[in-house]
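The form predicted on its own is given below as one chain in structure tokens.
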């Protein structure tokens, strides 16, 4: 009986020691990788902002504002990165998401000129079908037919798919994705207008 008890306690202490060591190693690894991952994420955001935003001489990422937009999609948190040139608004980049994609969340960043027209955009995250919904990063900048949204303003153009009496051609066989993407664009515009009240958007 003593031998069995001895074996049990040896196994228990061994498992406890292994668990403690494994936990310590995981915590140490997390601490080692946490900062590089955060730096890489920030660098990726800064690159996306630079690609879509109008010319600026301020620090948009340091002057960001979080706005909750309430519309047909519920309450959507957005991040607005304002662009200023010589003390005047030149536009902004707005990061937001829409959860009504075919496979869930679509996260984008949209650059607006001072007048509210779309300068450019990037898709930051999605889980849409490869070869179909995944085409959105290029589809809505193509000059083919009525796909291109660049240079258009949600205030002046009906940026919805034609199936909803809008002006934009949906991605072939990916109407749900297209509706979610354009919904995110409109939400981004609402956030832009909210943070730049009193500015000229004509």
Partner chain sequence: MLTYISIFITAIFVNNIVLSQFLGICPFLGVSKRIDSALGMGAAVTFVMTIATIVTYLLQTYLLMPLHLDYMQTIAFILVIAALVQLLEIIIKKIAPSLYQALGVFLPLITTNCTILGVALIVIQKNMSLLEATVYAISTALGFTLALVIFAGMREQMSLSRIPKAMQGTPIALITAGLLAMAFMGFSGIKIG
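Numbering follows the first chain given and starts at 1. The structure displayed is predicted, hence computed values, not measured ones.
The form predicted together with its partner chain is left out here; the points below concern that form.
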Of 61, 26, 68, 155, which one comes within 4.5 Å of its partner chain in the model of the complex, counting heavy atoms only? 26
Looking at 82, 116, 111, 101, which is the one with a non-hydrogen atom within 4.5 Å of its partner chain in the model of the complex? 101
Interface residues of 154-179 toward its partner chain, as seen in the model of the complex [heavy atoms, 4.5 Å]: 176
